[in-house]
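Just the one chain here, laid out as structure tokens, in the form predicted alone.
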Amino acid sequence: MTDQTTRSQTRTSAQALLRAMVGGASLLTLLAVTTTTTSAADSGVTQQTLEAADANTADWLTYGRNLSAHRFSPLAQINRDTVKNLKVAYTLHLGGVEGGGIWTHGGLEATPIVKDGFMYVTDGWGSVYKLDLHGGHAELAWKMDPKTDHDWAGAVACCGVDNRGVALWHDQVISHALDGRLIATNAADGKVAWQRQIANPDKSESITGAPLVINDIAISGVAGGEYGIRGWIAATDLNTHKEIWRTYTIPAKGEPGSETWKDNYNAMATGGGATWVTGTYDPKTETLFWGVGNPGPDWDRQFRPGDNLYSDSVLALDVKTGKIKWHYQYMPNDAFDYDGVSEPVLVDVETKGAKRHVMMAAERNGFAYALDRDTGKFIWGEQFVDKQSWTKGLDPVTGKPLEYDPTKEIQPYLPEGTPSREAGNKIVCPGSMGGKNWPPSAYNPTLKLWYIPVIESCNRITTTEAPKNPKLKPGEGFTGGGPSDPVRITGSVAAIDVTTGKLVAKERTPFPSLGGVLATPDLVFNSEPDGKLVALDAKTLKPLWQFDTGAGLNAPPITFSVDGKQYVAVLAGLGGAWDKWYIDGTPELKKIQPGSSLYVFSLN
């Protein structure tokens, strides 16, 4: 029996199991009925709590700490002068390291959530752990295991066994599982209150991002852009457990944006546009901001002539209806698998001589963008990678690549750095992991500095012609080529002055930044994949302190306080796509063993 036959049988069994879980109904139907009812009188997290996150200095309440994704904490016991005394306060081993499908092991990418001295973290399979942090140590209060089928879910997950965290809502913990479920767990006892199937793994859809909870609504994005899915963003009412809206990021025939797909064989049906990084929210305008990934197939843009909306874009949506208010596309007719999924960072700042409501995003194409978040109008763009080979730069008025020609169906990016069917192998910079991937940036509102975790990379891309009207099986790639032979990959942390839109500091690192950054008043913490957590000076980015966890860091650090004492925490356990697709560009990381631990640091 071949491995392919065995995998097919495993998938079939797993499909049957998933259908049994939903009583034989469609995978997109509601699962288990609620066992408890939550009322507005509960003393847990409310919309008001989330909107006041900046004033709550002790806790870390949302994925980005606030709804604007600043990842900035004003806590200052640990500062430029005292950080040299930072030591391990305690550690705790977690689970989720086991592999499944095409993956040998799981990793940790979650942002811990902290409220009132309790921490909520996830492993790659979506198990949720509640930890009691009182008394200067971590004690497991409960663990919720969603019983994800490892072989099936691991076979349809393109880029690792990943889960990036939870959201809190009243007295419940809201999370995703890799197989596409939205799960509500009672915060008190760890029992599942209810769950609902959001994504359909039969179509190679999975969910890796943390949910965003807004006004009793859970917002979910989808992963699977490499498998010919049609991307979407979906909203679930947390009181009725029913879907409120679902906005597709690739239009259907006749819908706005469909005119940007110029083929005659319905390339939109497999158009990609995944939404796998958690978005942000502006409560003043009730606007949701969410990034959209690459078009499908990833590299064969000749398969999909046209600009390919809404791929490689940021969407501003009405949170109540999911209606698109405006969009901005960074890269029409993407040939590089660069995506547009990076977290939108919302700031109110004077920039380019005027006070503005700004949305910023550091994209995989190597450029950072600032847009007017009320209109979507381009304000400034800045290259943050050392090397890029695909464009001469950005138009200062529109922000589009200088080569962009709206009259052309296939965009004429620089031929020496653009893959195509005719070009054979092309060295492309940044490489296919991008100049920045999902690891989050951070913003210091006092210094007006925006810190970007950077991947300094190039690699070879080979484009192959994708088949028209493909009959794709779950877990079957639809990429139109792929990367090979990465050049040596390093990294950096870049600082951009948002008042000018200019790069003002950069600290280069021997490895790419694969976990993300945290900002405090005078420090920046960076997670590095060789296991080091590093503290940098917030103005100069010069290293001031580091600790080697001995287990690769693939998750963002946070800071919080319990009983008046400040801590810094990070999950250690290298996973994701790196050790399968890109490890040859960082050969030293082959020595990093799988792990699954929480590290917490304090001054004594």
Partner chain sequence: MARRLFAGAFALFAALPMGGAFAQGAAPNGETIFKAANCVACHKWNGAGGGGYGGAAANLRKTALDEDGIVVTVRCGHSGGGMPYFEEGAYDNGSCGKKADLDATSMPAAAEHPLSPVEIKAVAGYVMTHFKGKGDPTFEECTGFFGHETHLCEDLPKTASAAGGAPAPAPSHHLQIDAAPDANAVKKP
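Numbering follows the first chain given and starts at 1. Please read all numbers here as calculations on a predicted model, not as lab measurements.
As for the form predicted together with its partner chain, it is not shown, yet the points below apply to it.
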The one residue among 528, 300, 282, 149 placing a heavy atom within 4.5 Å of its partner chain in the predicted complex is 149
Students should find that, of 382, 226, 363, 507, the residue having a non-hydrogen atom no more than 4.5 angstroms from its partner chain in the predicted complex is 226
Stretch in contact in the predicted complex with its partner chain, which is absent here, among 470 to 478, 386 to 394, 123 to 131, 76 to 84 (heavy atoms within 4.5 Å) | 470 to 478
Are all three residues 169, 534 and 539 in contact with its partner chain in the predicted complex, where contact means a non-hydrogen atom within 4.5 Å?
-> no
Would residue 337 count as a contact of its partner chain in the predicted complex, using a 4.5 angstroms cut-off between non-hydrogen atoms?
-> yes
Does its partner chain come within 4.5 Å of any heavy atom of residue 432 in the predicted complex?
-> yes
Give a yes/no on whether residue 322 approaches its partner chain to within 4.5 Å in the predicted complex, heavy atoms considered.
-> yes
Contact label in the predicted complex: residue 96 to its partner chain, heavy atom within 4.5 Å = no
Residues in 179 to 208 that come within 4.5 Å of its partner chain in the predicted complex by at least one heavy atom, in order, are 196, 197, 198, 199, 200, 201, 202
